[in-house]
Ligand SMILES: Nc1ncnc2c1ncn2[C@@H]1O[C@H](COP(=O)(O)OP(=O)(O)OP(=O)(O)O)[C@@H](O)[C@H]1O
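Quick heads-up: it's one chain on its own, the form predicted on its own, in structure tokens.
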């Protein structure tokens, strides 16, 4: 649902001074710890659709960059692709959660994902004082890809083979926020890349401090409780006992694969909750679930 006015961005709605001061003091050690570090953020779900949430997200990302954290943003855009395909008379088909992609559909994906969706994000960040640059996986060989193992049925769907970290590092070093559309290529074709997979591959290649998934999921639920932290050992136990099940299993396994490949921590947060990105990074409790290799005593 579109909002015509975003109350969360209204400076007239201020918390008591003491509460604001406490929040800032709590954030300070995290700002010091993460200055100069790289965060890869996968941006998707409702946070990309609601105008208020889009503005808040752009504001939060800009703040993170302003305090010295290098931000690399990888975005989805499946709904926009489906709507554009419908306008062009094309039917979207999915297999195991992946879009079946023929030559007509890959053209729609290029036009939509690397075009309007990407540039809308860049513009919003710019409006909040950030310096973002739109990047397609085709630019400067950013994402080299291989055909997906099920290419015979999925078509032009790919998997990441190699990331051009030099180009991304160059952009980050210039104070820019790369906003990456997950499209890859090889010598023969252009490929549709799953945004979660692209974000994971980019985080691994950059040896990022954090990979943060901004989605419509508040975190890992155990009963009515959202786990603040989950270790690899705990996750395996929860999967075996059926506490983690269904579509959450591949997300959890992917998170720990990313950790095993050298990324510091992986976070899953709810993009529908205002300022969830800042609250997860800069507060002791956080608001989502962080994935760690082994259990730790503190949140960060």
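Only the largest set of C-alpha atoms that superpose within 1.5 Å between the two forms is called the rigid core. Remember, predicted model here, so these are calculated numbers, not experimental data. Positions refer to the first chain, counted from 1.
Just so you know, the form predicted in complex with this ligand exists too; it's not on screen, but the next bit is about it.
Partner proximity in the predicted bound form, defined as non-hydrogen atoms within 4.5 angstroms of this ligand, places exactly one of 139-147, 207-215, 84-92, 161-169 at the interface: 207-215. Mapping the unseen interface onto this chain, residue 251 counts among the residues with a heavy atom inside 4.5 Å of this ligand in the predicted bound form. Shown alone here, residue 220 lies within 4.5 Å of this ligand in the predicted bound form, counting heavy atoms only. This ligand in the predicted bound form comes within 4.5 Å of no heavy atom belonging to residue 134. The closest non-hydrogen atom of residue 115 lies beyond 4.5 Å of this ligand in the predicted bound form. The three marked residues, 42, 78 and 243, each reach this ligand in the predicted bound form, with a heavy atom inside 4.5 Å. The Cα position of residue 244 differs by 2 Å or more between the shown form and the other one after fitting on the rigid core.
In this overlay on the rigid core, residue 55 has a C-alpha that sits less than 2 Å away from its partner position between the shown form and the other one. After superposition on the rigid core, the Cα atom of residue 235 is displaced by 2 Å or more between the shown form and the other one.
Relative to this form, in the predicted bound form the C-alpha atoms of residue 246 and residue 145 approach one another by 3 angstroms or more. The Cα-Cα distance between residue 251 and residue 179 is shortened by 3 Å or more in the predicted bound form relative to the form shown here.
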